[in-house]
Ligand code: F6P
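Given next, in structure tokens, is a single chain: the form predicted on its own.
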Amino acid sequence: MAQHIGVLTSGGDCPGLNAAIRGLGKAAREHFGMRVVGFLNGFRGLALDQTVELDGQMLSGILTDGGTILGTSRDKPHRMNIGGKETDMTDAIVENYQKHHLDALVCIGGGGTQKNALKLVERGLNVVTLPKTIDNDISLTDRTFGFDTALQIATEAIDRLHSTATSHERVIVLEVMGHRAGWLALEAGIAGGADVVLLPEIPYDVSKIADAIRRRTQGGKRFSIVVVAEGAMSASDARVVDELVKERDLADSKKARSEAKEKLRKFHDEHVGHTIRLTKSLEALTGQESRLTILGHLQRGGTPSAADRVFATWLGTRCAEVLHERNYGVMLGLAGNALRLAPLHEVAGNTRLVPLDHPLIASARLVGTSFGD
């Protein structure tokens, strides 16, 4: 009998989602004779039984489109806002999975999606996941689709900012995405020739950044480009976070743990906008006019790059093969030049950070890039 497959996209949108849906849907339907149903708006659509048949017409002409034809949300199966009330919708999801006689569910998303997918595996559902995120921070894969497009956008922004930086002899600070991992800032900084790159993995000292900028000025270079990951923080702020995490992990009661988590959440909420404070500090310390640009959601939108289209298509078609082989509870990841099946329980909850001894960090230092440390 033909397999019945469900597919959803969850978390933040990114370029390449439609290419992955198309690759999966076309291979599953046309080569393996599967029926493919899409659930709208992530896990919410699965919980509320909001579906669309992914037939040939739906899959046509979407390869180059940004976003996702299925829609997306950040809803979690076990914690979903239904009628203004936080509700565990896991039972409803299991019921709808069975109602549609699904043989497997494909979840396309980032780190949160991997964790949510694992919870469904633990409830007995057959699940396969595909890794997407512009942060490139999912464990057990060398690359995620969406990253290459975001990298191109961030690099182009640096290229354009060079013009105004040199014309006005300014310090230009560019904030890019990357809450916990600095892959985007690192690679865009190298590609764009940034003078300073600040990563979440390397706490910075603002005085050392100012020193690096002053050395450039003394050498006759009257402008500087500073690329900052949104999750980068000063050494003092990093120590505060370490203490709050320690307090949370050592809490001896549910109440104490909850209070520690609330402190941590509040700190991160207040940390948003830290690049505004950083830019003002650099202007004060260097005496050089400084301006900030925040790319924000521009990095996630628009037409996917050729590399992301190819990679997402490859993942989607290979996913169809994995479903045909009835391999479940896995994520498809890139290992060198091949795709591998990574057990979901090894992926979920882990983040792929930039190692401090990564050769790209060494390469950047050798061309004079400062990391503020």
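Computed from a prediction, not measured in an experiment: that's the story for all the values here. From 1 onward, residues are counted along the sequence shown.
Although it is not shown, the form predicted together with the named molecule is what the next lines describe.
- Mapping the unseen interface onto this chain, G178 counts among the residues with a heavy atom inside 4.5 Å of the named molecule in the predicted complex.
- Within 4.5 Å of any heavy atom of the named molecule in the predicted complex lies no heavy atom of D195.
- Interface residue remark: R74 is counted as part of the site for the named molecule in the predicted complex, having a heavy atom within 4.5 Å.
- Looking at R300, you'd find a heavy atom of it within 4.5 angstroms of the named molecule in the predicted complex.
- The chain is drawn here without the named molecule; in the predicted complex, the stretch among 203-211, 89-97, 249-257, 129-137 whose residues come within 4.5 Å of it by any heavy atom is 129-137.
- Contacts with the named molecule in the predicted complex, taken as any heavy atom within 4.5 Å, map within 217-246 to E230 alone.
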